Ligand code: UDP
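Okay, so here's just one chain, in C-alpha coordinates, the form predicted alone.
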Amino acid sequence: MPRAVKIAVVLGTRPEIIKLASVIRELGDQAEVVNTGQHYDADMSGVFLKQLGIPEPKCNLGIGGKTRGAQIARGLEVMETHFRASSPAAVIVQGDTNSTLAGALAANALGIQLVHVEAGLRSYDRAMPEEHNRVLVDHLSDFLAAGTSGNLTNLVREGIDASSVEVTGNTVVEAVHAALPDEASRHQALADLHLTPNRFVLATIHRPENTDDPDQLAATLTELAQLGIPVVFPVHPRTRAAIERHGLEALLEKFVTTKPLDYQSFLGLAAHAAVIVSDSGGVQEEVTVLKRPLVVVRRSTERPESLEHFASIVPPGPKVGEAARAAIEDGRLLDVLATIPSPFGDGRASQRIAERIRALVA
(Lines give C-alpha, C1' and ligand atoms only; values in the text may rest on other atoms or scores of the structure.)
Protein backbone atom coordinates (compact mmCIF):
# COMPACT_ATOMS: atom_id res chain seq x y z
CA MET A 1 0.00 0.00 0.00
CA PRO A 2 1.46 3.38 -0.96
CA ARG A 3 0.88 5.00 2.44
CA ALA A 4 0.65 3.67 5.97
CA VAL A 5 -3.02 3.99 6.82
CA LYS A 6 -4.75 2.81 9.95
CA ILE A 7 -7.93 0.74 10.01
CA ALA A 8 -10.06 0.91 13.17
CA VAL A 9 -11.54 -2.48 14.13
CA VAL A 10 -14.49 -2.19 16.50
CA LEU A 11 -15.29 -5.15 18.77
CA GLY A 12 -16.67 -5.73 22.21
CA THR A 13 -18.53 -9.04 22.39
CA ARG A 14 -17.41 -12.63 22.25
CA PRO A 15 -18.62 -13.21 18.64
CA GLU A 16 -16.94 -10.05 17.37
CA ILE A 17 -13.65 -10.95 19.00
CA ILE A 18 -13.73 -14.47 17.56
CA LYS A 19 -14.74 -13.46 14.05
CA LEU A 20 -12.51 -10.41 13.69
CA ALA A 21 -9.31 -11.99 15.05
CA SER A 22 -8.34 -13.38 11.64
CA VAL A 23 -9.13 -10.06 9.93
CA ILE A 24 -6.91 -8.26 12.44
CA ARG A 25 -4.11 -10.73 11.73
CA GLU A 26 -4.47 -10.15 7.99
CA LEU A 27 -4.28 -6.36 8.43
CA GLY A 28 -1.25 -6.61 10.73
CA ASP A 29 0.12 -3.30 11.98
CA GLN A 30 -2.58 -1.39 10.12
CA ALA A 31 -5.27 -2.63 12.53
CA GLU A 32 -6.14 -0.50 15.56
CA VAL A 33 -8.48 -2.31 17.92
CA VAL A 34 -11.31 -0.41 19.62
CA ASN A 35 -12.86 -2.45 22.43
CA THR A 36 -16.31 -1.25 23.48
CA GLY A 37 -16.42 -3.59 26.48
CA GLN A 38 -20.01 -4.60 25.71
CA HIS A 39 -19.18 -8.01 27.19
CA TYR A 40 -17.45 -6.75 30.31
CA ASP A 41 -17.23 -10.13 32.07
CA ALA A 42 -13.68 -11.49 31.81
CA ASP A 43 -15.04 -14.98 31.05
CA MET A 44 -17.06 -13.60 28.14
CA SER A 45 -14.49 -11.38 26.42
CA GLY A 46 -11.21 -10.77 28.23
CA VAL A 47 -9.97 -14.34 27.89
CA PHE A 48 -10.83 -14.32 24.18
CA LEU A 49 -8.70 -11.25 23.48
CA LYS A 50 -5.69 -12.96 25.02
CA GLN A 51 -6.35 -16.41 23.60
CA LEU A 52 -6.81 -15.19 20.03
CA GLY A 53 -3.73 -12.98 20.11
CA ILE A 54 -5.57 -9.70 19.54
CA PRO A 55 -3.31 -6.68 20.17
CA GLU A 56 -3.94 -4.29 23.02
CA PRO A 57 -6.93 -2.10 22.19
CA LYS A 58 -6.20 1.57 21.44
CA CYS A 59 -9.48 2.53 23.07
CA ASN A 60 -11.55 0.85 25.80
CA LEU A 61 -15.07 2.22 26.16
CA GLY A 62 -16.59 0.19 29.02
CA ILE A 63 -20.19 0.30 27.79
CA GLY A 64 -21.09 -3.08 29.29
CA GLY A 65 -23.90 -3.31 31.81
CA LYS A 66 -25.87 -0.41 30.34
CA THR A 67 -29.21 -0.47 28.54
CA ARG A 68 -29.28 -0.86 24.77
CA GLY A 69 -29.88 2.83 24.19
CA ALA A 70 -27.15 3.84 26.64
CA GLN A 71 -24.66 1.44 25.06
CA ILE A 72 -25.29 2.81 21.58
CA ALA A 73 -25.28 6.44 22.71
CA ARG A 74 -22.13 6.14 24.82
CA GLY A 75 -20.35 4.09 22.17
CA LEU A 76 -21.21 6.63 19.48
CA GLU A 77 -20.07 9.54 21.62
CA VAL A 78 -16.71 8.05 22.60
CA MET A 79 -15.92 6.49 19.22
CA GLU A 80 -16.71 9.69 17.35
CA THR A 81 -14.24 11.52 19.60
CA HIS A 82 -11.64 8.77 19.20
CA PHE A 83 -11.98 8.55 15.41
CA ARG A 84 -11.79 12.34 15.09
CA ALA A 85 -8.42 12.24 16.87
CA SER A 86 -7.01 9.06 15.31
CA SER A 87 -8.29 9.64 11.75
CA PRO A 88 -8.57 6.01 10.56
CA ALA A 89 -8.94 5.50 6.82
CA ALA A 90 -11.73 2.99 7.45
CA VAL A 91 -13.74 1.51 10.30
CA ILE A 92 -14.59 -2.20 10.44
CA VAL A 93 -17.61 -3.44 12.35
CA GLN A 94 -18.92 -6.98 12.55
CA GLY A 95 -22.34 -8.54 12.92
CA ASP A 96 -25.28 -6.92 14.66
CA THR A 97 -24.46 -5.88 18.22
CA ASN A 98 -24.96 -2.51 19.88
CA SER A 99 -21.21 -2.02 19.48
CA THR A 100 -21.59 -2.62 15.74
CA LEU A 101 -24.26 0.04 15.35
CA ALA A 102 -22.42 2.57 17.52
CA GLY A 103 -19.22 2.13 15.53
CA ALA A 104 -21.09 2.44 12.24
CA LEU A 105 -22.85 5.63 13.33
CA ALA A 106 -19.57 7.16 14.50
CA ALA A 107 -17.87 6.37 11.18
CA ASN A 108 -20.84 7.75 9.25
CA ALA A 109 -20.89 10.96 11.28
CA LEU A 110 -17.28 11.65 10.32
CA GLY A 111 -17.46 10.47 6.71
CA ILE A 112 -15.07 7.57 7.29
CA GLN A 113 -15.29 4.53 5.02
CA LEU A 114 -17.32 1.82 6.77
CA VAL A 115 -16.82 -1.93 6.33
CA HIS A 116 -19.46 -4.36 7.57
CA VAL A 117 -18.22 -7.91 8.09
CA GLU A 118 -21.03 -10.51 8.08
CA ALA A 119 -23.43 -8.28 6.16
CA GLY A 120 -26.82 -9.27 4.82
CA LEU A 121 -28.13 -11.53 7.58
CA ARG A 122 -31.87 -11.26 8.00
CA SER A 123 -34.31 -12.96 10.37
CA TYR A 124 -37.23 -10.73 9.35
CA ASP A 125 -38.15 -10.76 13.03
CA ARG A 126 -38.60 -7.16 14.16
CA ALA A 127 -38.77 -8.27 17.79
CA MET A 128 -35.01 -8.90 17.65
CA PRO A 129 -32.92 -5.78 18.44
CA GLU A 130 -30.12 -7.34 16.41
CA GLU A 131 -32.27 -7.22 13.28
CA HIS A 132 -32.61 -3.47 13.54
CA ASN A 133 -28.88 -3.10 14.17
CA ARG A 134 -27.79 -5.17 11.18
CA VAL A 135 -30.20 -3.52 8.73
CA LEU A 136 -29.12 -0.02 9.73
CA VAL A 137 -25.42 -0.89 9.51
CA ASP A 138 -25.80 -2.51 6.09
CA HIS A 139 -27.38 0.63 4.68
CA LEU A 140 -24.61 2.83 6.11
CA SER A 141 -21.72 0.72 4.84
CA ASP A 142 -19.35 1.39 1.94
CA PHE A 143 -18.18 -2.23 1.66
CA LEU A 144 -20.29 -5.17 2.76
CA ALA A 145 -18.63 -8.56 3.28
CA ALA A 146 -21.45 -11.08 2.83
CA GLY A 147 -20.92 -14.58 4.13
CA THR A 148 -23.18 -16.36 1.63
CA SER A 149 -24.96 -15.80 -1.67
CA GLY A 150 -28.22 -15.67 0.29
CA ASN A 151 -26.87 -12.70 2.25
CA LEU A 152 -26.03 -10.97 -1.03
CA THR A 153 -29.57 -11.59 -2.29
CA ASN A 154 -31.00 -10.01 0.86
CA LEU A 155 -28.92 -6.88 0.37
CA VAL A 156 -29.70 -6.44 -3.32
CA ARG A 157 -33.39 -6.95 -2.60
CA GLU A 158 -33.20 -3.95 -0.26
CA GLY A 159 -31.68 -1.74 -2.93
CA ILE A 160 -28.03 -1.92 -1.88
CA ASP A 161 -25.65 -1.64 -4.85
CA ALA A 162 -24.24 -5.09 -5.59
CA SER A 163 -20.88 -3.54 -6.54
CA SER A 164 -20.35 -2.61 -2.87
CA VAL A 165 -20.92 -6.24 -1.78
CA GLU A 166 -18.62 -9.25 -2.04
CA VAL A 167 -19.46 -12.81 -1.05
CA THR A 168 -16.32 -13.48 0.99
CA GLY A 169 -17.47 -16.40 3.09
CA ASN A 170 -17.76 -16.11 6.85
CA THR A 171 -14.66 -15.68 9.00
CA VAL A 172 -16.09 -18.25 11.43
CA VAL A 173 -14.67 -21.05 9.26
CA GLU A 174 -11.07 -20.00 9.75
CA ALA A 175 -11.78 -19.12 13.40
CA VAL A 176 -12.90 -22.68 14.11
CA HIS A 177 -9.98 -24.26 12.27
CA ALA A 178 -7.49 -22.01 14.08
CA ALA A 179 -8.91 -22.50 17.57
CA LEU A 180 -9.94 -26.18 17.60
CA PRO A 181 -7.64 -28.05 20.03
CA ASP A 182 -5.76 -31.11 18.82
CA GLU A 183 -7.36 -34.51 19.28
CA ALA A 184 -5.31 -35.48 22.34
CA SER A 185 -6.27 -32.27 24.14
CA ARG A 186 -9.92 -32.74 23.26
CA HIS A 187 -10.03 -36.27 24.61
CA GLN A 188 -8.27 -35.19 27.81
CA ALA A 189 -10.92 -32.50 28.32
CA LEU A 190 -13.64 -35.13 27.90
CA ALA A 191 -11.93 -37.42 30.38
CA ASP A 192 -11.67 -34.59 32.91
CA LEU A 193 -15.47 -34.21 32.78
CA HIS A 194 -16.05 -38.00 32.69
CA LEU A 195 -17.62 -37.77 29.24
CA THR A 196 -17.72 -40.30 26.40
CA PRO A 197 -17.41 -39.02 22.81
CA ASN A 198 -20.79 -38.83 21.03
CA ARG A 199 -22.63 -39.67 24.26
CA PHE A 200 -23.26 -36.27 25.79
CA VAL A 201 -25.12 -33.06 24.96
CA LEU A 202 -23.59 -29.58 25.01
CA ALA A 203 -26.10 -26.82 25.80
CA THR A 204 -25.86 -23.01 25.88
CA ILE A 205 -28.84 -20.79 26.61
CA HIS A 206 -28.55 -17.04 27.10
CA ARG A 207 -30.97 -15.01 24.96
CA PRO A 208 -33.65 -12.97 26.79
CA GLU A 209 -36.44 -14.80 24.94
CA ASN A 210 -35.28 -18.01 26.65
CA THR A 211 -34.29 -16.67 30.08
CA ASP A 212 -36.73 -13.89 30.98
CA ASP A 213 -39.84 -16.09 31.25
CA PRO A 214 -39.45 -18.47 34.24
CA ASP A 215 -41.87 -21.06 32.84
CA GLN A 216 -40.11 -21.24 29.48
CA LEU A 217 -36.67 -21.44 31.07
CA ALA A 218 -37.82 -24.15 33.48
CA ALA A 219 -39.44 -26.13 30.65
CA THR A 220 -36.30 -26.03 28.51
CA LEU A 221 -34.01 -27.05 31.37
CA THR A 222 -36.39 -29.85 32.38
CA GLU A 223 -36.42 -31.21 28.83
CA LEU A 224 -32.63 -31.21 28.69
CA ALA A 225 -32.36 -32.93 32.06
CA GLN A 226 -34.50 -35.81 30.81
CA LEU A 227 -32.45 -36.74 27.73
CA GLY A 228 -30.88 -39.75 29.40
CA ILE A 229 -27.24 -38.81 28.69
CA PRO A 230 -25.01 -36.21 30.38
CA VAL A 231 -25.70 -32.59 29.47
CA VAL A 232 -22.77 -30.15 29.76
CA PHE A 233 -24.14 -26.69 30.50
CA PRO A 234 -21.72 -23.72 30.54
CA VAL A 235 -23.89 -21.18 32.35
CA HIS A 236 -23.92 -17.68 30.86
CA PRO A 237 -23.95 -14.84 33.47
CA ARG A 238 -27.38 -13.70 32.28
CA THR A 239 -28.73 -17.23 32.51
CA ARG A 240 -27.33 -17.81 35.98
CA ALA A 241 -28.89 -14.56 37.17
CA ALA A 242 -32.23 -15.60 35.66
CA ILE A 243 -32.07 -19.05 37.26
CA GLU A 244 -31.41 -17.49 40.66
CA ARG A 245 -34.08 -14.83 40.13
CA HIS A 246 -36.67 -17.45 39.18
CA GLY A 247 -35.68 -19.89 41.95
CA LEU A 248 -34.64 -22.66 39.54
CA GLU A 249 -31.29 -23.56 41.11
CA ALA A 250 -32.38 -27.14 41.84
CA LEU A 251 -32.59 -27.86 38.12
CA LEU A 252 -28.85 -27.23 37.74
CA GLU A 253 -28.11 -30.30 39.87
CA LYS A 254 -29.04 -32.47 36.89
CA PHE A 255 -26.36 -30.97 34.62
CA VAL A 256 -22.61 -30.96 34.30
CA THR A 257 -22.34 -27.20 34.84
CA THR A 258 -19.31 -25.05 34.11
CA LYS A 259 -18.48 -21.36 33.92
CA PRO A 260 -18.62 -19.86 30.42
CA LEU A 261 -15.97 -21.65 28.38
CA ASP A 262 -13.16 -20.07 26.42
CA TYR A 263 -13.46 -20.56 22.68
CA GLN A 264 -10.98 -23.43 22.39
CA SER A 265 -12.59 -25.37 25.23
CA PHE A 266 -16.07 -24.87 23.80
CA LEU A 267 -15.04 -26.08 20.35
CA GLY A 268 -13.21 -29.05 21.85
CA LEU A 269 -16.38 -30.22 23.56
CA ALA A 270 -18.67 -29.36 20.65
CA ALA A 271 -16.56 -31.45 18.28
CA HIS A 272 -17.54 -34.60 20.19
CA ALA A 273 -21.11 -33.83 21.33
CA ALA A 274 -23.93 -36.09 20.17
CA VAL A 275 -25.97 -32.93 19.69
CA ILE A 276 -25.62 -29.27 20.64
CA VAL A 277 -28.58 -27.30 21.97
CA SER A 278 -28.17 -23.53 21.78
CA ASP A 279 -29.76 -20.17 21.06
CA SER A 280 -26.46 -18.70 19.84
CA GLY A 281 -26.10 -17.35 16.33
CA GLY A 282 -22.41 -18.20 16.09
CA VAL A 283 -22.95 -21.80 17.11
CA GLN A 284 -25.28 -22.18 14.12
CA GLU A 285 -22.24 -21.50 11.94
CA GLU A 286 -19.66 -23.39 13.98
CA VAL A 287 -21.52 -26.70 13.83
CA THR A 288 -21.28 -26.66 10.03
CA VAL A 289 -17.49 -26.68 10.37
CA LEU A 290 -17.44 -29.21 13.21
CA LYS A 291 -20.04 -31.44 11.45
CA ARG A 292 -22.31 -31.72 14.48
CA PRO A 293 -26.12 -31.54 14.74
CA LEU A 294 -27.71 -28.57 16.46
CA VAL A 295 -31.08 -27.76 18.01
CA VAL A 296 -31.63 -23.99 17.77
CA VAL A 297 -33.84 -22.81 20.64
CA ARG A 298 -35.34 -19.74 18.99
CA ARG A 299 -38.41 -18.60 17.11
CA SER A 300 -36.49 -17.20 14.16
CA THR A 301 -32.98 -17.29 12.73
CA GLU A 302 -30.89 -15.07 10.50
CA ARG A 303 -28.81 -18.08 9.43
CA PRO A 304 -31.16 -20.30 7.39
CA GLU A 305 -28.15 -21.91 5.70
CA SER A 306 -27.56 -24.04 8.81
CA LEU A 307 -31.12 -25.38 8.75
CA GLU A 308 -30.67 -27.18 5.45
CA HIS A 309 -28.55 -29.98 6.90
CA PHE A 310 -27.08 -29.21 10.31
CA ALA A 311 -29.77 -27.66 12.47
CA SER A 312 -33.42 -27.66 13.40
CA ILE A 313 -35.17 -24.72 15.02
CA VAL A 314 -37.68 -25.09 17.86
CA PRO A 315 -39.22 -22.77 20.47
CA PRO A 316 -38.35 -23.22 24.17
CA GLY A 317 -40.17 -26.06 25.89
CA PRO A 318 -41.12 -29.66 25.00
CA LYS A 319 -39.96 -29.51 21.39
CA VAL A 320 -36.39 -29.02 22.58
CA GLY A 321 -36.36 -32.51 24.05
CA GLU A 322 -38.04 -34.02 20.98
CA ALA A 323 -35.51 -32.54 18.56
CA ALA A 324 -32.51 -33.43 20.72
CA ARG A 325 -33.66 -37.05 21.13
CA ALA A 326 -34.17 -37.38 17.39
CA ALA A 327 -30.57 -36.32 16.77
CA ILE A 328 -29.19 -38.58 19.51
CA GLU A 329 -31.09 -41.61 18.24
CA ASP A 330 -30.25 -41.16 14.54
CA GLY A 331 -27.41 -43.63 14.09
CA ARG A 332 -26.38 -42.29 10.67
CA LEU A 333 -26.58 -38.56 11.30
CA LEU A 334 -22.96 -37.91 12.26
CA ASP A 335 -21.67 -39.89 9.27
CA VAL A 336 -23.92 -37.93 6.92
CA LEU A 337 -22.96 -34.54 8.33
CA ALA A 338 -19.26 -35.40 8.01
CA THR A 339 -19.63 -35.40 4.21
CA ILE A 340 -21.41 -32.03 3.87
CA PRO A 341 -19.32 -28.86 3.29
CA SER A 342 -20.00 -25.78 5.37
CA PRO A 343 -22.26 -23.27 3.60
CA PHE A 344 -20.17 -20.48 5.13
CA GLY A 345 -17.16 -20.74 2.85
CA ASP A 346 -13.69 -22.12 2.38
CA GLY A 347 -11.77 -20.47 5.21
CA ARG A 348 -10.32 -17.58 3.18
CA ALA A 349 -12.83 -14.89 4.11
CA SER A 350 -10.38 -12.73 6.07
CA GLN A 351 -7.92 -12.66 3.19
CA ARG A 352 -10.63 -11.50 0.79
CA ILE A 353 -11.88 -8.88 3.25
CA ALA A 354 -8.39 -7.47 3.86
CA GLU A 355 -7.71 -7.25 0.12
CA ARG A 356 -10.96 -5.37 -0.50
CA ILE A 357 -10.27 -2.97 2.38
CA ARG A 358 -6.80 -2.15 1.03
CA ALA A 359 -8.35 -1.36 -2.33
CA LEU A 360 -11.03 0.75 -0.64
CA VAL A 361 -8.56 3.01 1.18
CA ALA A 362 -5.77 3.09 -1.42
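Residue numbers run from 1 along the displayed sequence. These figures come from a predicted structure and were not determined experimentally.
There is another form of this protein, the form predicted in complex with this ligand, and it is not shown here; the text below is about that form.
For the three residues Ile18, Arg207 and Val283, a heavy atom within 4.5 Å of this ligand turns up in the predicted bound form in every case.
The stretch from 182-190, 230-238, 80-88, 216-224 that comes within 4.5 Å of this ligand in the predicted bound form, counting heavy atoms only, is 230-238. The partner is absent here; in the predicted bound form, the one residue of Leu195, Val135, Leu261, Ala242 having a heavy atom within 4.5 Å of this ligand is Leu261.
At a distance threshold of 4.5 angstroms between non-hydrogen atoms, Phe266 is in contact with this ligand in the predicted bound form.
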